[in-house]
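Starting off, we have a lone chain in the form predicted alone, written out as structure tokens.
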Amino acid sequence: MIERRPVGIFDSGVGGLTVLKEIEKILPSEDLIYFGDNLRAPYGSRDSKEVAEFCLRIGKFLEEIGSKLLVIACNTATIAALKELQEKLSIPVIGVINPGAREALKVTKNNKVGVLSTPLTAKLNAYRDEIKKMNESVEVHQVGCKPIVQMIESGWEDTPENRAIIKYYVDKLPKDTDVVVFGCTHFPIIKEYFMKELKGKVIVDPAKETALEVKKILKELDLLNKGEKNGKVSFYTSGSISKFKKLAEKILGRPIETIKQALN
């Protein structure tokens, strides 16, 4: 039956696991497939056309192995490839930017929103354009944080140097910003370090809002898995299985028995 097919999720690396965790919470009966394109990570410093090519290949792969819906769990990939994947795949495709933008508008009190993201997401004005479509009066300040994804993919360490890098980028936000969007799905992995510098500002993590959007679409299309058992998760990476396993287990807080390599 089609509703028993899995939801496909992909990211440039391990950042999209923050989205997977939220989908697991909200839709515990769904089977999930996660693909981390670790071989080509990070996407945020690459050309958008190149990223789109990677995403189309991954999207076709996840569709071919049975996904009923595809989640682009990466902001950079959402910008580069959402429209193309929606046009070229036969399954529904959603990204993370629209859900995050909507939530930021809900919680801002003074209409001043900051976005911490990869350089490409900032350069292409992804969140600014999405938020302005909904409310032109909101000020959006975007900061591209070049090294942070690579630092996380390499295995984040709590050092004075790394904390100073986070402070450097947070300090680029205007002081009166009241809401800050994690415009990269990797950033919630080290949320506690950002919180120390953001000092009381409301943080929007698009992962939860994206998971709610998945539930909404599956329900509308009558594709929800109606079984009562917990779903299973299958993992794929284009890069090193051992490296992916170490990082993914740390992020998810549980062991992963099987990881397969694909598209390398």
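Not measured: the values here are computed from a predicted model. Throughout, we count residues from 1 along the sequence that is shown.
There is another form of the same protein, the form predicted in complex with ligand DGL; it is not shown, and what comes next is about it.
With the partner omitted from this view, the residue of Ala80, Val71, Cys184, Ala101 that lies near ligand DGL in the predicted complex is Cys184 [heavy atom within 4.5 Å]. For Gly44, a non-hydrogen atom is located within 4.5 Å of ligand DGL in the predicted complex, even though that partner is not displayed.
Looking at Val113, you'd find every heavy atom of it more than 4.5 angstroms from ligand DGL in the predicted complex. Of the heavy atoms in Val149, some are within 4.5 Å of ligand DGL in the predicted complex. With ligand DGL left out of view, the stretch that reaches within 4.5 Å of it through heavy atoms in the predicted complex is, among 85-93, 184-192, 164-172, 129-137, 184-192.
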